[in-house]
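Quick heads-up: it's one chain on its own, the form predicted on its own, in structure tokens.
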């Protein structure tokens, strides 16, 4: 009980020393008289303007000009806070929504809780304190609102604040040697970075993507930059038509991406190997689609397709017409699955956009033939699959033929990839490989079905003969009994 009363008394003393009349902060008056750096900075601090005294952070009694009384440790004077005590002193107010309301400030009261759970809130290499304290980013005596351009965490200053650690190779090596230390340099080459350097506070910077107090590792599923979460993080700005209006770029990229083959794989099937926004545009060095060719990006994953296209006749034709290669046929954010419908000369085929019977007739004819060939392979594969399934259902041993269905599928994928070479003979060779396998599988499956039918017929005939013999034997025995 005594301990509880003592704690309440200390809390009351803290509150009294935290906010008093502006002229009653004797600590500040004394330090201002000697014009030291902390008091000079604190004169412009948001806490000083709100009436928070030096005692609010350092403890003690700010109402007396007697140094011994003001800095009496029994009066909760702690001097200069160190280590985790720094953030704890900040949280004494900022984690208390009631106290913050007393200052007529509407701020979330969970910043300290988020910091403790964040990657920065982990123990430092000494194991005695967290890696980052509140003052690491916000400063100590000269704290100003985030919206103030002078704040180290304002949109135009935050990059320099973050890079003070993240660009220090020696410092970062002690915590995470795997993290690159050139993020700031890459960011400055990006559209976001260049606009930010020119004073545009609306463009994305560090906290726009990574968050503020609750920054989590990229591999954490709760992180804003975890692959599955990243598209929605980018969409916070890029899908906001009003916010993006000054930049004159579309705001339907996220909507298109969710419908694309990449978006479905990533967002619906949770395939972390599928590309997100940063896979094509980059991370810190995010670039618009103005590289030499989109194929340079697509080719990072689709390397074989890119190599085939680079050696194809379309490469020169696309360069002459300044077409962006992959994007011309497949699109960019709304990429559809690469089905056979893209090939050929029908109205929904991409080949027919450039090739007609009168314009580029050679390409038109080749596309028409290639579509017929791939269709025949798909039909052949379907027939082989149906025969194998039927034979298996009838209980026939067909495991070898079933296994070889994979070879047909692989040949079809190879043929679809070979399309990018735009070489009809080479494409025909890939298709023929699949046709040969599918024909042999179909023959084997049909043979199993024929054997099954033969067995059924033989069983029927045998059953009939046995039935006749049984009936004859029965009649013969009856005749004997009558005699």
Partner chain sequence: MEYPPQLKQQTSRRSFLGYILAGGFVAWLAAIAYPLFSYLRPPKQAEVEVTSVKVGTLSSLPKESGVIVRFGNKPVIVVRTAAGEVRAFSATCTHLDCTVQYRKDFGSIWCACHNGRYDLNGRNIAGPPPRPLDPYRVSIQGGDVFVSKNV
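The model shown is predicted, which means the values in this text are computed figures rather than measured ones. Positions refer to the first chain, counted from 1. Only the largest set of C-alpha atoms that superpose within 1.5 Å between the two forms is called the rigid core.
Not on display, but discussed next: the form predicted in complex with its partner chain.
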{"query": "Stretch in contact, per heavy atom within 4.5 angstroms of its partner chain in the model of the complex, of 148-156, 328-336, 298-306, 167-175", "finding": "298-306"}
{"query": "Contact flag, residue 271 vs its partner chain in the model of the complex, heavy atom cut 4.5 Å", "finding": "yes"}
{"query": "Partner proximity in the model of the complex: residue 417 to its partner chain, non-hydrogen atom cutoff 4.5 Å", "finding": "yes"}
{"query": "Contact flag, residue 402 vs its partner chain in the model of the complex, heavy atom cut 4.5 Å", "finding": "yes"}
{"query": "Contact flag, residue 321 vs its partner chain in the model of the complex, heavy atom cut 4.5 Å", "finding": "no"}
{"query": "Selected contact from 97, 382, 410, 390, since only one has a non-hydrogen atom within 4.5 angstroms of its partner chain in the model of the complex", "finding": "410"}
{"query": "Heavy atom within 4.5 Å of its partner chain in the model of the complex - the one residue of 353, 128, 406, 104 that qualifies", "finding": "406"}
{"query": "In the model of the complex, residues of 466-480 near its partner chain [heavy atom within 4.5 Å]", "finding": "466, 468, 469, 472, 473, 475, 476, 479"}
{"query": "Rigid core superposed: residue 457 CA moves 2 Å or more between this form and the one not shown", "finding": "yes"}
{"query": "Is_shifted residue 258 between this form and the one not shown (CA, 2 Å cut-off, rigid core)", "finding": "no"}
{"query": "Core-aligned CA displacement of residue 45 at least 2 Å between this form and the one not shown", "finding": "no"}
